[in-house]
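A single chain, nothing else alongside it, follows as structure tokens in the form predicted alone.
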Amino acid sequence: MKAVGITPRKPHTARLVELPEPKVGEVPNGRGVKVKILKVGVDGTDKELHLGEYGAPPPGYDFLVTGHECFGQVVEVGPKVKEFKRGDFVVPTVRRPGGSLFDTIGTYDMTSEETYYERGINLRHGYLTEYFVDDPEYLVKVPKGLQHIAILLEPMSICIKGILQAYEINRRLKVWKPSRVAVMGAGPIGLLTALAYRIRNLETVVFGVEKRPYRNAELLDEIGATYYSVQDRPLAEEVKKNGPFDMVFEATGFSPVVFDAMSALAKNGALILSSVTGGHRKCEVEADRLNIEFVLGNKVMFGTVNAHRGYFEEGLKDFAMSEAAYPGWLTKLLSHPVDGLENWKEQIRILFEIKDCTKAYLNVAQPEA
């Protein structure tokens, strides 16, 4: 079967490759599930992979099949599989377990090992192909009413993970009721995070680079979030005028923003970092001031990365609530569809060249009746 692969850490090496079609028997104990891939999305991680910034192929291969945002349909199950049947629609998770304690208890996204395994990113082939086989543990069933937006579930899981872990961390305060939050970045992760905040009835301010008129700013208007271009209203100016934020979610891909966000955090606040930055950028910071503000203000900063299935399931709940509160809003994020695996180059072109692209995705195949 055909797939799109790259040579990791070498820029612009994407090409069509051949893989053997997988079989359900490849998963032990009769627990294999074969999935026909219907849609595959791309994001900033894919751009960085194509630029050669990180990634590694699976053992025995000199290429890595890309694609970690996937929506598919079950076409075959092993004899011991009870969770799924032929025809079910699913979204697969991205992380796969290593050998740490956290891996063995199902929280493989929190591994303590240096080596990590991610479909389409590091040491495991991704989904930009025709079929894959996996264990039911790594598949999330998508209900009928959410299938049209399910390709957004993987990025949504990252947002949900960050937000829920902020609440979990701040259980230490016994009572923590954030009311005013900020999102740094108005790309797909920024938009989905803003949606999750608005569903939780939080005052949400999003900062991006682009000035209005700007499509993503208009999308944020529709859900009651406030958008500012940092060219017109820097983060520090907003904090000076209206006060700091209880939560800041950083989703820019530009690491110096982290230090601006640290300065914008209220006492007892939580700063969530989601950008994977593969470069070597450096900057100068007011280290003493930031340190004392965090110490005296009981502030926390942590990272969120590809999630385990529990966060995918929570993401589906947010999708259902969004469809009720803001009907059709998530569909508007699906801005640039491309039909056919053979047109993979067009998807990559959109990723690199179209500035107002919210989500480019490839329609790999049609579902079975």
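When you see a residue number, it is the position in the sequence shown, counting from 1. Since we're looking at a predicted model, the values are computed, not measured.
Just so it is clear, the following notes concern the form predicted together with beta-D-glucopyranose, a form of the same protein that is not shown.
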Q | Residue among V205, L271, I121, I160 with a heavy atom within 4.5 Å of beta-D-glucopyranose in the predicted bound form | A | I121
(Q) Which residue, V209, V276, V285, I169, is the contact with beta-D-glucopyranose in the predicted bound form, using a 4.5 Å heavy atom cutoff? (A) V276
Q. Would V305 sit within 4.5 Å of beta-D-glucopyranose in the predicted bound form, counting heavy atoms only?
A. yes
(Q) Considering non-hydrogen atoms and a 4.5 Å limit, does beta-D-glucopyranose approach E314 in the predicted bound form? (A) no
Q.
E323 versus beta-D-glucopyranose, in the predicted bound form: is there a non-hydrogen atom within 4.5 Å?
A. no
Q. Is there a heavy atom of Y61 lying 4.5 Å or less from a heavy atom of beta-D-glucopyranose in the predicted bound form?
A. no
(Q) Within 4.5 angstroms, counting heavy atoms, which one of the listed stretches 24-32, 39-47, 314-322, 337-345 is next to beta-D-glucopyranose in the predicted bound form? (A) 39-47
Q) Should the three residues E76, R96 and Y138 be counted as contacting beta-D-glucopyranose in the predicted bound form, with contact defined as a heavy atom within 4.5 Å for each? A) no
Q) For the stretch 140-155, which residues lie within 4.5 Å of beta-D-glucopyranose in the predicted bound form by non-hydrogen atom distance? A) E154
